[in-house]
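Here's a solo chain for you in structure tokens, the form predicted alone.
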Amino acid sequence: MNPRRPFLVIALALSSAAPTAAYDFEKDAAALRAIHARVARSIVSVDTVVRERSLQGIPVDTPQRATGIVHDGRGGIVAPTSLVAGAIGGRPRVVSVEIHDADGARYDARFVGRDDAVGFAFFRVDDERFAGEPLEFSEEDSLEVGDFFASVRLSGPNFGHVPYLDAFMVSASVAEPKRCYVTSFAVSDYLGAPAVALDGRVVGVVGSFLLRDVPPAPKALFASPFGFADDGHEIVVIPFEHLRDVLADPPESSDATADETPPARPPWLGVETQELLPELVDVLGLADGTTGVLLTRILPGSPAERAGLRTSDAVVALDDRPLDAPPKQQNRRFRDRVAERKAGERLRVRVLRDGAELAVEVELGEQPLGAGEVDALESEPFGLVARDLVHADRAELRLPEEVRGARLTQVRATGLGGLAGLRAGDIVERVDGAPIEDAAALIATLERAEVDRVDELVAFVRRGRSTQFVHVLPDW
């Protein structure tokens, strides 16, 4: 048997299936060259560094890079919000912004605002040498399935920030929930870059829209700024109609940081829940078809505890609105309903308890600060890092509210603290009999000990649910 024969058959099949319509490749190539020349002066490469805090409270700097578009004659740049998002979550602080143009020239820039509804952040170059030309969008921003569009971005520093051009085909035109264009080609490298029809119309920007309402994926420690495959976001061409208003009046903040105005804390009920799946409804003796969530834990000191909610209460309605979501979506429906409210508002929770139905009024609190939201302080000679206690610590260890102290998040084995037997996770409550209110008090105490060259320190620590004294013998 000749092993080459199948390949010859395939080649003949492809040849016979070739389209008979003639394409004007010379004309299209000329159009692409014109787009490259026109757009290159209106795009930049944006490099940012954003600072956030790890789960242990340690500052973490994350570099980001994306394409930006010059949108006005005063050095205004629009680019994806991924540039002001970190790797851990929350709203980090932008500590530096650099702009490179198509000539490779570098400029300092500043972050000035963001609009999460369209997924874009705004920057400004105040250097009068910056000669970026504003990109003019077409009011006629329509594309059809099968149309090609071009996009231009700048390379990284390895290739001297030269403009890259590529062409993509529109695979689908989406009307709901937001009008946009989808392509099956990998365009993630072009986030923030313009989308230009082959007739020269600048029809939109490559960006990200939430197109699907899907259950959230398990949260990873380090998350991508866009979770395309698992959280409903898709990379699409966002038409100019969605950008017109925000480009005409870009958001501006006064101090050029991503967390310029701390967002309001989310509402907090303070419970853990489990979905009321049909098999669980039967076991609990509830009526067939009952939907909602089962309270599996009431966090100490929470609004739920103060209101009298109990473990094993079956929540079937919030504010008299039934939790009638399909199985395996009830937890999400419950969380979404709570999230619609604000801290300080009263929430009416209808529960089934011991065969009776009753309503419980709960005044929602503010979501407590997490471990990654409080400052972490370091003592170099003692080889430890400490942060303030947070609600999660008290819930984990069942600590009364009156307990104060500093929790050790890192202990170096060769530091004075590690040699004495201190461990990460310990809560230092007193040193030499003096109470430690927080991390700042602990570090100040250790600094004084270093200055005074004390011979011995006695730390009273809580380790898990036990307490002990740790003798620290500094060898200065």
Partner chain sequence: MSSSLTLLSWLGLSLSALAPASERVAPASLVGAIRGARERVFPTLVHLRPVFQRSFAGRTIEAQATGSGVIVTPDGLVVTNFHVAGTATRLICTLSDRRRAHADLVGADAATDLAVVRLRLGDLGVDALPHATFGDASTLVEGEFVMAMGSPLGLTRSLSLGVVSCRERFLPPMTVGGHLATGLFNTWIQTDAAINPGNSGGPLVDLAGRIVGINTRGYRGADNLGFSIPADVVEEVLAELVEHGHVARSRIGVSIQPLHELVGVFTEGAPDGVLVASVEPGSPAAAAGVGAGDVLTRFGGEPLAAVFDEDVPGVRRRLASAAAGVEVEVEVRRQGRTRTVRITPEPWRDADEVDHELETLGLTVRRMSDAELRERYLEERGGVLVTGVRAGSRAAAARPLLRPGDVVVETAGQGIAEPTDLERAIGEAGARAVLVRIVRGEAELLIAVPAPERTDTPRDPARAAEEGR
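Positions refer to the first chain, counted from 1. Predicted, not measured: the structure shown is a model, and the values here were computed from it.
Same protein, other form: the form predicted in complex with the partner chain, not shown, and the subject of what follows.
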Residue-level question: is Arg74 within 4.5 Å of the partner chain in the model of the complex, judged on heavy atoms? no
Spell out, yes or no, whether the shortest heavy atom distance between Asp375 and the partner chain in the model of the complex is within 4.5 Å. no
Exercise: Arg398 in contact with the partner chain in the model of the complex, heavy atom 4.5 Å: yes
Can you tell me if Leu277 lies within 4.5 angstroms of the partner chain in the model of the complex, counting non-hydrogen atoms only? yes
Only one of 138-146, 121-129, 382-390, 266-274 gets a heavy atom within 4.5 Å of the partner chain in the model of the complex; which is it? 266-274
I need to confirm a contact call. Of Arg430, Arg38, Arg51, Arg65, which residue comes within 4.5 Å of the partner chain in the model of the complex, counting heavy atoms only? Arg430
Single option in Val283, Ala359, Ala172, Ala175 placed near the partner chain in the model of the complex, where near means a heavy atom within 4.5 Å: Val283
May I ask you to list the residues of 427-463 that have any heavy atom within 4.5 angstroms of the partner chain in the model of the complex, in sequence order? Arg430, Glu456, Val458, Phe460
